[in-house]
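Quick setup: one chain, the form predicted on its own, written in structure tokens, and binding and motion questions come after.
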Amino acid sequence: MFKASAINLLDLQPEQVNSWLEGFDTIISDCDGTLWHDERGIEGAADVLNALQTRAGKRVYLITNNGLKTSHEIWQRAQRLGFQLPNESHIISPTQTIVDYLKQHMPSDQRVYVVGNAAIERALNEAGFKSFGAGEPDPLQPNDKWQEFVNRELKQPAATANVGAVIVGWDEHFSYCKMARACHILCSNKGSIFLVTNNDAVHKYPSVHIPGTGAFVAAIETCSERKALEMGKPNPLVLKPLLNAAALQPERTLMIGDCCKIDVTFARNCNLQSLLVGTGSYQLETLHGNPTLPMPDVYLPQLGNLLPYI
């Protein structure tokens, strides 16, 4: 209806917004920056998603690139913040996408090396996969030399024995040793699976920017000469389970998010409609000043602005 036009819905007549609302049956909404900031819900967001379900009869799913929590933990946060979702099957997260992918592509008796946090390990354990490395510091000790580390750790058969996959997520303990272990596994077994929760290069906060998962996986990709398969937006693969279950029609599905480069690109990749909200890094003036950015179909300053039209 408003393909890539970045139309501000507040500039339209109510009947035009109502007609737009009738153009989709399913909503997929980003979480961080769109619905909440950390443990604080964004004003009006829960009211809108709840009303879209109860008043308008829409199906609602939440999607996130956050690999620090399992789908169940994200569903619990949504519940705490007032978002009424039937169950955790309405959460699309990298940890669940990873589990689904491994079930299809790796024997369950193989091990997984995780450069990342404990949430990945929890999700793998619940699915019956054995893993190692998640959430653990692995520094090169002050009196240790890299040659000694390689001889002691990597040249032993156990270093790669029955390891079928390397998974990279956000890791505050990222180190040379972890990078070396991952590189060794990936280069020793070209058939091993190489996955990353997301390729977000940087996390931006008002007063500081910090490296994201994309920075970690780039280092491992460089030394292993392998390319990781992304398990988050904007890869359309994350929507495959819902498409296979015929749970949605892409052309009648709305993607809501706060990031042009990730959320709007994801919508385009999946042939979804797109609504950008200005509660993240991109506002309407940002779009007008950067015509090379992926343009959303429509825009709102915040999701709560939609409530009077539902």
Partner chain sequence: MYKQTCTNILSLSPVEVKKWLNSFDSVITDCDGVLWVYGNLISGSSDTINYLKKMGKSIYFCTNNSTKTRKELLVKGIELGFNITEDGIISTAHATAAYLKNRNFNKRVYVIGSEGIGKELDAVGIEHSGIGPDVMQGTLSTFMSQHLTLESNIGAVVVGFDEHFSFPKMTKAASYLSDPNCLFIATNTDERFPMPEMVVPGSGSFVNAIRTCAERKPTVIGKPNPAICQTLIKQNKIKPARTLMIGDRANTDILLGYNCGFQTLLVGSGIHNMTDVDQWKNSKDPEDKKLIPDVYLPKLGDLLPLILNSMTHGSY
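Numbering follows the first chain given and starts at 1. Here the structure is a predicted model, which is why all the values come from computation and not from measurement.
One more form of this protein exists, namely the form predicted in complex with its partner chain; it is left out here, but the text below deals with it.
At the 4.5 Å threshold, heavy atoms of residue 103 stay clear of its partner chain in the model of the complex, well away from it. Taking non-hydrogen atoms only, residue 113 never approaches its partner chain to within 4.5 angstroms in the model of the complex. Using a 4.5 Å cutoff between non-hydrogen atoms, residue 214 counts as a contact of its partner chain in the model of the complex. Among heavy atoms of residue 75, none comes within 4.5 Å of its partner chain in the model of the complex. Contact with its partner chain in the model of the complex, defined as a heavy atom within 4.5 Å, holds for exactly one of 229, 237, 218, 127, namely 218. Remark: of stretches 81 to 89, 115 to 123, 135 to 143, 161 to 169, the one touching its partner chain in the model of the complex is 135 to 143 (heavy atom within 4.5 Å). Contact residues in stretch 143 to 164 (any heavy atom within 4.5 Å of its partner chain, taken in the model of the complex) are 145, 146, 147, 150, 151, 154, 155.
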